[in-house]
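Quick heads-up: it's one chain on its own, the form predicted alone, in structure tokens.
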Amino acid sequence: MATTVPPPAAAAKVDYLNLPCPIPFEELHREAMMSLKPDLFEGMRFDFTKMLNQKFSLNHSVLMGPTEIPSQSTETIKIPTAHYEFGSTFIDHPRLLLWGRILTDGRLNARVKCDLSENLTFKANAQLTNEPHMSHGMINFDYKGNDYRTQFQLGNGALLGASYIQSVTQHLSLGGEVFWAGQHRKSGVGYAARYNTDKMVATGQVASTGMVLLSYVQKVSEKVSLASEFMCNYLSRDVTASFGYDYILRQCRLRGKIDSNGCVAAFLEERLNMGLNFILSAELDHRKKDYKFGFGLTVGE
């Protein structure tokens, strides 16, 4: 009796007219950055957010701890400092965002994000300081197509930049960027690739400035993610490899990393109650013998 052989499964075809829109070029490594670059700090921090209505909120922040100052020696020199920061946020979801912060040392930070249309977004950010030549500002125009994104940047110091990223399959995106810093007479070109599925994200980026950046994130489960990063500069021969994790529990979130320079870091966010979070931060640099510890409270949503 002859056995019936089932026909081979047809290979899935790529519908090039129905590709997903990629993430912005500047956010290529965002999953890896969540694990490898948490908001570490040293000292004591207290943040309070008061919602005045559904769109407007006020923010108060106090930070007390040492600040590193530049030194010719290999030892880290720190001086005690304390800052108070006042800010406000206005959100007219999803079209408009206004964000501002001012510190007691005279620094002023401001951000604006406005959706001019369904596809075109305007962004602006600025930092003003009392120190000469340290203030800066930048504006961005982001355009979102069906399967691509493009961005144009203009900043002080005659800084010009542009980027473009295109989905070529359901999971693969390719992009590039160019920039010109007129004040320093420097220019550069960069290329990037990103491959993502439901379980992993792999990203590679290379630039004419000598920078090579590779990252990989594996989603072990709904609550656990592992990340790795390899960064080098083939001009200066600097190489750094990092490994990190992101663990989300019912009441807390724990992130940490270790790198090839002997630096170990951890960041814990514990939800004590509705609108009340406790924060622990630690960073140990064994090579420089620099150890940083911080704790804080965040009040308000």
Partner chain sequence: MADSVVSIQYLKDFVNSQIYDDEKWAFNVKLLRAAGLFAGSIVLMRNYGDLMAI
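Positions refer to the first chain, counted from 1. Not measured: the values here are computed from a predicted model.
FYI, the form predicted in complex with the partner chain isn't displayed, but the following is about it.
**Q.** Contact label in the model of the complex: E229 to the partner chain, heavy atom within 4.5 Å
**A.** Taking the distances in the model of the complex, the answer for E229 is yes, it comes within 4.5 Å of the partner chain.
So, S215 and the partner chain: in the model of the complex, are they within 4.5 Å at any heavy atom pair?
Heavy-atom contact with the partner chain at 4.5 Å: present for S215.
Item to complete: Tell me, yes or no, whether K289 is in contact with the partner chain in the model of the complex, where a contact means a heavy atom of each within 4.5 Å.
Response: No, K289 is distant from the partner.
Taking the partner chain as it sits in the model of the complex, is S221 near enough to touch it, meaning that at least one heavy atom pair lies within 4.5 angstroms? Answer yes; at least one heavy atom of S221 falls within 4.5 Å of the partner chain in the model of the complex.
Subject >> Per-stretch contact check against the partner chain in the model of the complex, the hit in 272-280, 243-251, 51-59, 38-46 (non-hydrogen atom, 4.5 angstroms) >> reply: Of the stretches listed, the one contacting the partner is 243-251.
Open item on the list: Check for me: heavy atom within 4.5 Å of the partner chain in the model of the complex, for each of M200, D238 and D259, yes or no.
Closed with: Checking in the model of the complex: M200, D238 and D259 are all within 4.5 Å of the partner chain.
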